[in-house]
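There is one chain below, alone, in structure tokens, taken in the form predicted on its own.
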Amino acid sequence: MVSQTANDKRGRILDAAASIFAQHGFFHARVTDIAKEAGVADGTIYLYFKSKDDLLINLFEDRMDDIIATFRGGLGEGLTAGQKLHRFIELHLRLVEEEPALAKVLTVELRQSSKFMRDYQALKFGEYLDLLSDILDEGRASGQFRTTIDPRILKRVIFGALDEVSLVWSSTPQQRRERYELADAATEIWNLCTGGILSTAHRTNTDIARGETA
């Protein structure tokens, strides 16, 4: 996912940072390497970003804007809340598969920045989770999801499952990755959601036969 501002220097620097952070890791990445990748002088980096941590945070915000826009487009009209949740799960893991370098930065390297983990409020991440909250609220209102679920908690449970799968997939060398497709992982996560949040009226006959109640 290339920066929306790829034609200017700031955009080129962000694109270069995504590549270098993914290749070398946040700790080992050098500003000099990022500048070389972006085709700018070292000092140009500091015209736009205060530090390497600041560059990572800005990269996160820039990419999250693109990701949120993609998700909003993919969760269009005509879908039930359950279909939207399924689509959300698929979109998240599809992004990981199609953009492995970006996925590694967002799931692995962000955790290496003490400034990000300690000081950054991550408003864009909150906006991303709000997409999940909206789906869960819609499902409760329509009767498709159990009214007893708490979207504040459940949105983080669902994201936690997606994040863990993404983290393992992104941080493990390709030749040593577990033999499963991310599309299969999306189905497994959705199946867990189906068993836990759909109301009795919207569950399959098999689920009802197991004695599960809303």
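Numbers for residues come from their place in the sequence shown, where the first is 1. Values in this document were obtained by computation on a predicted structure and should not be read as measured data.
What comes next is about the form predicted together with the DNA, which is not displayed.
A.B. asks: Would you kindly say which of 41, 183, 168, 153 lies with a heavy atom within 4.5 Å of the DNA in the model of the complex?
C.D. replies: It is 41 that has a heavy atom within 4.5 Å of the partner.
A.B. asks: Spot the stretch among 23-31, 183-191, 156-164, 60-68 with residues whose non-hydrogen atoms come within 4.5 Å of the DNA in the model of the complex.
C.D. replies: Contact criterion met by 23-31 only.
A.B. asks: Would the DNA be touched by all three of 9, 46 and 52 in the model of the complex, meaning a heavy atom each within 4.5 Å?
C.D. replies: Yes.
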